[in-house]
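Next up: just one chain, as structure tokens, the form predicted on its own.
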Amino acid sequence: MQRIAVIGAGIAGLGSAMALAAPDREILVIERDAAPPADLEATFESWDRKGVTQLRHSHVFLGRLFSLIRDRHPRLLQMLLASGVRELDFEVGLPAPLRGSYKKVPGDENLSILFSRRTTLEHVMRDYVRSLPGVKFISETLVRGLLIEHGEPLRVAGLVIERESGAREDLSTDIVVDASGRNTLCTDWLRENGCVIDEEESPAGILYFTRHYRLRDHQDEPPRDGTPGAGDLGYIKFGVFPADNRHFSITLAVPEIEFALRTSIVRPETFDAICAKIPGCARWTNPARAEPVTKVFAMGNLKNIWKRWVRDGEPEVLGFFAVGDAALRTNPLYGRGCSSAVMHAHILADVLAATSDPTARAMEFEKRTWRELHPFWEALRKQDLSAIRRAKNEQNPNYKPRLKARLIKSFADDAITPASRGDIKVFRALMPAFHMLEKPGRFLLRPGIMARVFWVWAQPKSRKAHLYPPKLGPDRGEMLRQLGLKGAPA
């Protein structure tokens, strides 16, 4: 039996266990927290997960992960849907101008999103993983170090674990999978033993705030009439996330430089007041429709991080693989974390199945991770840097964009947006990259699609006025004035 230890039982850890489970393997999932309560609602209300900062923030599974679960783990998909997890398919997400003429084509079935509270996702995934051959959860157990065999390169041969009783023991393994998240200690332990792990870091530039709500009895979700449920106002970003069992959440992302806004938004009355001024949120949080069921959860220290485990063409460590946030992090605002983590775990499973050579495994895992995940990481990193610049400009009443900036903004606002809202072929071409099914920007290489976009760009605004989305919300000065916050223009 091959023994694999998975550090962490979050989405990355559960994804690793379900990807790696096999009759000839023993999968030990080691987690610091207690197992969740049996009931889904009790899990949401009381499960204490000290190691999962984002447990009660908004989550989605994008099309790439939806398709992976559907094709490789169909029973899990059935369990998720039976527990109230929501599938919103491609047709539901169509812009209002396209809905009347939509006809399904092959490929649309992969463009679904699964919406749910994170606690529900984890609860159901745990039940599924626990039923797989060879999987065992070791709860309320801390990982205190790595068992390392020194050589060129180092080899990880197991873990030092500490049980709930305080007793420590060495756990020998064939492979260690680090799925312990953004606060992993494994990178530090390896560096202390001589590993050179290069790390690229770039700021996300925001703080993240989420509050959960429940629809009142006899109330339904707002109609999908084209009012944007997500958007960027420059000084704040917003998103509405439908969830399971009549729940939903609102996430507001505030630039770090918006000091007055980010320090006041943690107050529930301020959070709800902001939502009331954004049409896409207000229709959901209207007190007649829904009631809040949690406080405002905050998350900071958000960065884009990419770690490299191969240096000068040679692996730095054998028998050890970091997946998910332990290896690469992106801004959670874009909803790529869960999908990337489970994809990463299945990349590892495919690599282990392809070769038994430890060096070849390390090299191929690095290669495939770079090829399949780095393009998305890089695109989001650049997107964050652009958003940071925009947030800074929002605070400068005298800012005047240069010609290049005006052209880029016009291409986004007056070409891409109306074209995607009025042309099903353009909209369909944009979605695979959003769902991580193809590399970002690939649609730009399709002459037919770009011809349609440029044709829309060339039209006067009066002819395409019906293709622009409604105004997302008040400008910065108006919002700050209505909230009575400092920094509002006189």
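It should be emphasised that the depicted structure is a prediction, and the values quoted were computed from it without experimental measurement. Note that residue numbering begins at 1 and tracks the sequence as displayed.
Quick note: we don't show the form predicted together with a small molecule, though the next part is all about it.
Looking at heavy atoms inside 4.5 Å, which stretch does the small molecule contact in the predicted complex, given the options 453-461, 37-45, 420-428, 58-66?
Contact criterion met by 58-66 only.
Would you please decide whether Lys439 lies within 4.5 angstroms of the small molecule in the predicted complex, comparing each non-hydrogen atom pair?
Answer no; every heavy atom of Lys439 is more than 4.5 Å from the small molecule in the predicted complex.
Does Gly51 reach the small molecule in the predicted complex, with heavy atoms at most 4.5 Å apart?
Yes, Gly51 sits close enough to the small molecule in the predicted complex that at least one of its heavy atoms falls within 4.5 Å.
According to a 4.5 angstroms non-hydrogen atom cut-off, is Ser112 in contact with the small molecule in the predicted complex?
Ser112: no, not in contact with the small molecule in the predicted complex.
Is Val296 one of the residues lying within 4.5 Å of the small molecule in the predicted complex, judged by heavy atom distances?
No, Val296 sits far enough from the small molecule in the predicted complex that none of its heavy atoms falls within 4.5 Å.
In the predicted complex, which of the listed residues (Ser339, Thr369, Thr119, Asn304) lies with a heavy atom within 4.5 Å of the small molecule?
Contact residue from the list: Ser339.
Can you pick out, from Val143, Val124, Val177, Ala253, the residue that has a heavy atom within 4.5 Å of the small molecule in the predicted complex?
So the residue touching the small molecule in the predicted complex, by this definition, is Val143.
In the predicted complex, does each residue in the set Gly13, Ile30 and Gly181 place a non-hydrogen atom within 4.5 angstroms of the small molecule?
Judged in the predicted complex, Gly13, Ile30 and Gly181 all sit within 4.5 Å of the small molecule.
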